[in-house]
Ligand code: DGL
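Presented below, as structure tokens, is a lone chain in the form predicted on its own.
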């Protein structure tokens, strides 16, 4: 693989700004690292796009991040991780380290030996069967129940995370018969950590709820350490790019990232 310096940034991308939950977890775990975030706001959401379209977008975005000299690429989007991870490795595995948001979560959950696991995600992620397939490979006796929950991501982006509307939508999805007997639930979208407490409340904290943010941050740290690429020297610098800019995107970033950030418009599709 190409030689990298520890001071080089980590590239993180998503279909929009939901992946900022992953970026935030990575910076919590690795405060010395610089990040370059790219949100493809011109094409959001990826959840209702075809696999071919998602792969095309991802190839272009990763090329942009590699031109920014990133030592690692984090695919902070379940739809992109499901549809494009293997293609990205085929094209770019010699250029940088790669982390997706599916494998670390699956490996963490498989250790627990649950009998029945529910997965909620976008239509694009569910259609690939990636969580079901990977969980069953690691734990052949597990029952995996999947449910597409397409209203959740746009609802969260509009700020409906703790009110009567979000509660009604969540109850409608989580009451679905397919999720009736689960003893764990995987939140397979990087938006969903923002409604995790409401999901815990629905289940009265009686089932284990997982999201990918912390386990992905741990995997990033493990890989950087193994490759002697942890940044211990230079002062971290962060850039947050979007492919389409509106004031509402800038305002919503605070919801996902926990603090306000400046978005830089980068029209890579022109």
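Numbering follows the first chain given and starts at 1. Here the structure is a predicted model, which means the values were calculated and not measured.
One more form of this protein, predicted in complex with this ligand, exists but is not displayed; see below.
Here the chain stands by itself, but in the model of the complex one stretch of 171-179, 110-118, 158-166, 187-195, 187-195, has heavy atoms within 4.5 Å of this ligand. Shown alone here, residue 38 lies farther than 4.5 Å from this ligand in the model of the complex, counting heavy atoms only.
Interface residue remark: residue 122 is counted as part of the site for this ligand in the model of the complex, having a heavy atom within 4.5 Å. Remark: residue 153 counts among the residues lining this ligand in the model of the complex, judged by a heavy atom distance of 4.5 Å or less. Residues are counted as partner-facing when one of their heavy atoms sits within 4.5 Å of this ligand in the model of the complex; in 44-64 these are 44, 45, 46, 47, in sequence order.
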